[in-house]
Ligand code: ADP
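Presented as structure tokens, the chain that follows is alone, the form predicted on its own.
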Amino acid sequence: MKKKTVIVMTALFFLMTGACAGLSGGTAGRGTSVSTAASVSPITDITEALNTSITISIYDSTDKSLIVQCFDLIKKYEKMFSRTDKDSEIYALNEKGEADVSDETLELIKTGLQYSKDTNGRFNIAIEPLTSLWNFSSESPKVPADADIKKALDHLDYTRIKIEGNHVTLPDKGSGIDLGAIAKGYIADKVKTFLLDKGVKSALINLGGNVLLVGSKPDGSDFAVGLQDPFGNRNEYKDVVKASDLSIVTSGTYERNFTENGKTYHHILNPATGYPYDNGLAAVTIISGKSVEGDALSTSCFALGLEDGMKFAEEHGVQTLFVTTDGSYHYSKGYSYK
């Protein structure tokens, strides 16, 4: 595999901005040939938000204030959706057990509830009691006491969340909502809408591994996003998605994890057991039109496991790549990005 100029995008993704000839196994997505010409240099900036590194690159404008406005928009939504920020709507809801929320927060909660229902709780928006216990964002995470995990399991009933207008009520005092599995996708979609409204037709949005493509490259060719080998170094990739105007989202066991007493624990928690899923999957990549859909489906499909997850993805009309812990790659029917 011939490697060109690569920008590390965090998590599983590398954006290849140079020539893309010589990539093994790659066929152009959406019927577009991959350009071998030198790429147009975008205006790019990076910031920290949503507990990750955020990168915005715009290819058809020199107005750097657009990126600043994108960052402001991201931080606005973070203030609304964070479960740990004491000024956020979700924090207030979880603390009080009920609260009036904005239309945007309500929309995201309803989306999370729908996926919770569709997966019979494998994806669970009410998982906050568990995520707070595990606290993977801590500098020194550790396995919670089993008794605490069992106690948290009594407060995960998403079916008892009540919505009346913009007023949301949680099931009981120990319950809480965590939008972490879908918030980045929702925010990425909002950023894309903002850029389109400003006349931008060629850009890349990367919210810590949630990659959202705005249009194509300025010459009309596809962007190329490398999917990192889950078992290799961070700068090694085995698969390439060449596409335009699509979302590419991956959930994997190695995005956030820690090792204790020789065992590795990852951040995708099973609401039935209180511990990380152990179902033979290492990663799930979703290619879809909307990033919020990709975000929700990547977690949902991971939680459902290879067979049921593949069926679920195909029912939702998205293309999917599953990587199992034995190193095998499994593609959905009609997968056209390899």
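Small disclaimer: the values here were computed from a predicted structure and weren't measured. Each residue number is its position in the shown sequence, starting from 1.
This next part talks about the form predicted together with the named molecule, which is not shown.
Residue in contact with the named molecule in the predicted complex (any heavy atom within 4.5 Å), chosen from Thr131, Ser221, Ser88, Ser175: Thr131. A heavy atom within 4.5 Å of the named molecule in the predicted complex is found for exactly one of Asn206, Ser251, Ser202, Ser247: Ser251. Heavy atoms within 4.5 Å of the named molecule in the predicted complex map, among the stretches 213-221, 180-188, 167-175, 96-104, onto 180-188 alone.
Contact between Phe312 and the named molecule in the predicted complex is not found at the 4.5 Å heavy atom cutoff. Although the partner is absent here, Ile127 sits close enough that one of its heavy atoms falls within 4.5 Å of the named molecule in the predicted complex. Although the partner is absent here, Leu269 sits close enough that one of its heavy atoms falls within 4.5 Å of the named molecule in the predicted complex. The named molecule in the predicted complex comes within 4.5 Å of a heavy atom belonging to Arg256.
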